[in-house]
Each structure stands twice: as C-alpha cells, then as structure tokens.
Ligand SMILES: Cc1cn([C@H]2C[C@H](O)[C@@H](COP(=O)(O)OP(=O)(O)O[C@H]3O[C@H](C)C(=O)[C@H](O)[C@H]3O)O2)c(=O)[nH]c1=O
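The data below hold one chain only, encoded as structure tokens and taken in the form predicted on its own.
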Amino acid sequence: MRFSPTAVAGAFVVDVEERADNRGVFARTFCAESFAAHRLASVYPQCNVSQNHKRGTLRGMHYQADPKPESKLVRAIRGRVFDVALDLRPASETYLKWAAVELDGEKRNAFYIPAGCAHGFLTLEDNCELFYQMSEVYVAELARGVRYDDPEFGIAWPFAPVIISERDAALESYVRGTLT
C-alpha cells in the first residue's frame, strides 16, 4: 500500500499495490501494522456500506462528536465518487481546509479521514457503492454535520448535487468555535 498525504493534516489517499498474473489480481487493502506505522487508526469495530443509485447523489458533511470521534477509511467498491474530508479540528494546522479524492472502484483506492474531520461525497456516476471502516461505533446522539455548500469552507464540488437528503439539506452553516 502507498500512503499519500493530502491538503488535510492526517488525511491520506491509500493506493493498493496490485499483483497481477494469469489468474487475475491480488492486492492488500488493509494492514493494521502499516496503518499503525503511519500513526493512523488500525482498529475498526464497525464497517458500513453506502449504496447510491443515481449520479449526483450527495451525502455529507458528517462527523461524530466527542467523546467518540471517528476516523474513517472509505473505499468505492463500485463506481466513482468525489470524496471530501473537511478539517474541523480547531488546533489543526489545516483547520477549515478540505481535501478531495476521486475514489474509483476499479482503482481500489481509499481515503483515510482522521477523527475530527467531516466527510461527504458526491457520486460521479450511477450505481456507486462505498465501503467504510469506522474507528468507533456509531452513536446517534453524537452524530453531527455541517453544510456541504457553506462558503466558510469553499468546497469545489464538480457539479451541483441532484439528490440530497432532507437532513443534509437542512444542516446549518458553520460558526467558528461552536462545534460540539
């Protein structure tokens, strides 16, 4: 695996190193020792999938608050998405900065998003499916979100979403120092 840093401190693109022969391809997608060596979460007690039928579906920007903030390892297992990490950690050198990666099921790449960052994505084609590894279990009372189109962040989405949930559309704009 190759770990490439992004514009958000602690967020990495994780590319697989494929081994191909006449049988097909083999690639390691996760190794606890490799993740720990990069000081990334290496234990994932919960995994989730997100299936999205239509191009232009937006989910985000979501995070889990203290005392159980979660890191995520996100991978497209079908289709392509514009995947975004947004740094909401006030003490971070990249506070309020964002990084985006095109996750592609055929490339098998992943995006590691550290705890304290919000996450969201926009599907670039129909029938996308994402697989998430979560460093914490979901706690509904700690689920939070910020607007995907908040000018405070200036996320450069490739196009306007076509489908967005009522919950995500109703998220409030960010006010510095108000995250809980």
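Residue numbers run from 1 along the displayed sequence. This is a predicted model, so every value here is computed, not measured.
Just so it is clear, the following notes concern the form predicted together with this ligand, a form of the same protein that is not shown.
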Item to check | Listed range touching this ligand, judged in the predicted bound form by heavy atoms within 4.5 Å, from 24 to 32, 132 to 140, 37 to 45, 149 to 157 | outcome: 132 to 140
Checklist entry - How about residue 167: is it within 4.5 Å of this ligand in the predicted bound form, going by heavy atoms? => result yes
Next on the checklist: At 4.5 Å between heavy atoms, is residue 55 in contact with this ligand in the predicted bound form?
Outcome noted: no
Checklist entry - Is there a heavy atom of residue 111 lying 4.5 Å or less from a heavy atom of this ligand in the predicted bound form? => result no
Item to check | Non-hydrogen atom contact residue 68 with this ligand in the predicted bound form at 4.5 angstroms | outcome: no
Checklist entry - Is any part of 119 to 134 within 4.5 angstroms of this ligand in the predicted bound form by a non-hydrogen atom, and which residues would that be? => result 119, 120, 121, 132, 134
